[in-house]
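Let's start with one chain on its own, the form predicted on its own, as structure tokens.
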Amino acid sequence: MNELANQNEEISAILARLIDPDPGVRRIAVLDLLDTDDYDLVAPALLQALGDQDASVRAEAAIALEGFETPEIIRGLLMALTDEAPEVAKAAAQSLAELKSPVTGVLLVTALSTAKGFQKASILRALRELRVPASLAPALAALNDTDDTVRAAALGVLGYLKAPSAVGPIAVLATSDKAPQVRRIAVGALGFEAADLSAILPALITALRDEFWQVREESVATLGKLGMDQGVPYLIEAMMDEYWQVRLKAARSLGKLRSREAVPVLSKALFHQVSNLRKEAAVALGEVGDARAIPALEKALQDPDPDVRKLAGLALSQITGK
């Protein structure tokens, strides 16, 4: 009895802090509510906090509600999607996505029809992992949105849906969108298995010429992910990119493809000044398994970086069988 009384007293103290004048105190109270076991009190209190005048409190409440699946909670989170504060709308969308419910997906698609700007982006981010078929059409339409964040979020939905009908529109954004971040995401979204490789390769080749290295990096990674042997010459060329990050991903892709043509450029990369690239080159040469790489790998056994030496030795054992 005393234990129950103490628990009730503790919850009452937390609820009192939810109306404290200090928003910092109210936010901590939201966190403390999650440590209690009284669902009947916690759920309504979190919904109350979702209407707090301070955005940080509302955002914390939206995050805390991710484990609740009652209609009242879902309605509250859906209303929070239209919150004027981006962090609140984003948190609400993430909590809705965590429910993994088809019903929630339908509600999100419905909310998408009237959302704008960051609200639309938040809803699309929530829809991404739900893989709701009904989100295909609005996601395709959102590719024409003037807001960069909306187009990027729509690409996330389409990448998860893996719909062949989306390949063409995604390829267009990968090569011509005005925002480099959107182009990068579009290139990554092309990397799903059900796609028509003949439609994807031209877009990836164009992306390899992009002025932003992050787009080029994503392109070489996607070529390896898709296992596109036709991309080997372009990956070998990418091993000369001015950015070592692009070279690293190209080396990784060439290793996945087990490209014997790449042995010379991978062997050269074993002695690049950046140790991460040297490591990746050693791994790739081991995957390729071509004896022509043995001299370079033996020399790499003297590398100043112990991880490079270890990976070079492993690659040699893969090639020689010793």
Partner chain sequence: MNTIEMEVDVLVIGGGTAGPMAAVKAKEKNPALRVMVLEKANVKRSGAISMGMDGLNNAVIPGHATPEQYVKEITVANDGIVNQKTVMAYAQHSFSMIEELNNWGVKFEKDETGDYAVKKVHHIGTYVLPMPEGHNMKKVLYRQLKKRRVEVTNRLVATRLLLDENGAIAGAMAVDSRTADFYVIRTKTVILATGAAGRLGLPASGYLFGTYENPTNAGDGYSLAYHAGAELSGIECFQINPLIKDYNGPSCAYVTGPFGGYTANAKGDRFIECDYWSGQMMQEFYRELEGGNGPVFLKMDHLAEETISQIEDILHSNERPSRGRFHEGRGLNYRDGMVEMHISEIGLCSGHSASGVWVNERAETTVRGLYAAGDLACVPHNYMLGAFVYGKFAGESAAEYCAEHTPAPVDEHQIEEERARVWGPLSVKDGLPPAQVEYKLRRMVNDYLQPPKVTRKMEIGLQRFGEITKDLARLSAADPHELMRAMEIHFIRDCAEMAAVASLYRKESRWGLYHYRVDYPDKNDQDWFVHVQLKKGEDGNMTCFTRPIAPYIVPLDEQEKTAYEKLRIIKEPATI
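Residue numbers count along the first chain shown, from 1. By rigid core we mean the largest C-alpha set that fits within 1.5 Å across both forms. Since this is a predicted model, take the numbers as computed values, not measurements.
Another form exists, predicted in complex with the partner chain; not displayed. Remarks below refer to it.
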Exercise for the section: Sort through G191, P138, G76, G224 and report the residue having a heavy atom within 4.5 Å of the partner chain in the predicted complex. Expected result: G191
Problem - Per-stretch contact check against the partner chain in the predicted complex, the hit in 230-238, 141-149, 200-208, 127-135 (non-hydrogen atom, 4.5 angstroms) - result: 127-135
Exercise for the section: Look at the candidate spot formed by D37, E98 and L311 and say whether the partner chain comes within 4.5 Å of a heavy atom in all three of them in the predicted complex. Expected result: yes
Handout entry: S275: touches the partner chain in the predicted complex, heavy atom cutoff 4.5 angstroms
Key = yes
Exercise for the section: Spell out, yes or no, whether the shortest heavy atom distance between I185 and the partner chain in the predicted complex is within 4.5 Å. Expected result: yes
Handout entry: Q245: touches the partner chain in the predicted complex, heavy atom cutoff 4.5 angstroms
Key = yes
Practice task
Give a yes or no for G67: in the predicted complex, does one of its heavy atoms lie within 4.5 Å of a heavy atom belonging to the partner chain?
Solution key: yes
Handout entry: Yes/no, A238 Cα shift of 2 Å or more between this form and the one not shown with rigid core fixed
Key = no
Problem - Did A281 shift 2 Å or more between this form and the one not shown, C-alpha, core superposed - result: no
Problem - Direction of C-alpha distance change in the predicted complex, L99 to A153 (at least 3 Å) - result: closer
Handout entry: Distance direction in the predicted complex for the C-alpha atoms of A91 and L161, relative to the displayed form (3 angstroms or more)
Key = farther
